[in-house]
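Take a look at the structure tokens below, where one protein chain is shown in two forms, each on its own, as structure 1 and structure 2.
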Structure 1
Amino acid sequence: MRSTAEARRVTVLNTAVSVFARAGFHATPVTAVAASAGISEAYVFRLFSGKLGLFVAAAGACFDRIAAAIEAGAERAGGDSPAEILEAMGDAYAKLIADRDLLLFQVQAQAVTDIPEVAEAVRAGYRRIATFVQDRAGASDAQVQQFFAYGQLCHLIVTAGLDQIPEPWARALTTGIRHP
């Protein structure tokens, strides 16, 4: 059974992903995360080493969710070829980023990679995901690069609402890309 602190930590991290997703690192006070989580700011500071520690931990939690989703996707693959496994992982990721907060948190985290601790957390998350994708799918470097390129294109399509724009330039970017 989880201790109260462990359970609260998970709650605060899930809440932090959502709250930071809306306004980013610089514009989000810890009080906003605490209020949304239903706990005191002082308790957040007991769980995390300040705002930066909270944000870095939230980035880790975000990548944990991505890893779990693509691992589950790989298990559902219709075959054993790298292409089939990558497609299943991509589909799982597309369903995951239907959670707009998770998607926007990733964008916000990438926007503050000028902060060394955030940059390291983002690199560690991508290192973990890229290594898993390549190892699990048996994919080549080029296939992994394409997998991530499509993922970033999905971010653009979803955040900018490009799939809702009936113009040739938007269709050129969205054709063949599926989102739940």
Structure 2
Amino acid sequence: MRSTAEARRVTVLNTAVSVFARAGFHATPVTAVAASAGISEAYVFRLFSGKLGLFVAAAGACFDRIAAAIEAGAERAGGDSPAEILEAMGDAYAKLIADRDLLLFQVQAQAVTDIPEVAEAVRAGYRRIATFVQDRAGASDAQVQQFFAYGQLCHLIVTAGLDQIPEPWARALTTGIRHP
């Protein structure tokens, strides 16, 4: 036995997040995930229940990593005020998505929410993050809303590559946003 199935699943999920992040659910063949994980396509289908099952599981892994990063970031906050804790969470998130995979996967997942299983996975992910942010930071509804609004703005900045554009309108949208 080279490896246990459970360990394989973990490594496959992490590569799946990266691979799906580039071109999305429908444009990514399972072969691509299998090749990137170094195993055969057939075995991926044995480990997960179809391509959809793989994608949904990858979404779970994606939000797990985001939640863990934000929780760890909160521990490093400079103070106890909601604003300070939110700031620390935002910094942690910005650091995490520097490699773009987790951010792009979220965009891809949101784009296939017409598939009910994906929609539920996305809701579950944001439920976990939003409740944690609100409880841990003790932030107001408006503060939480703002936190997520500017998080979503990052999605636009990265997908459209606005941080590469020197024109004033693009600068307006990107200034102050932590380094994505």
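This structure is a prediction, so every number in the text was calculated from the model and none was measured. Numbers follow structure 1, counted from its first residue as 1. Heads up, when I say rigid core I mean the largest set of C-alphas that superpose within 1.5 Å between the two forms.
- Shown first, as structure 1, is the form predicted on its own.
- Superposed on the core, the two forms barely differ at Thr11: its CA moves less than 2 Å between structures 1 and 2.
- Once you line up the core between structures 1 and 2, the Cα of Ala21 stays within less than 2 Å of where it was.
- The two forms, fitted on their core, place the C-alpha of Gly161 2.7 Å apart, compared between structures 1 and 2.
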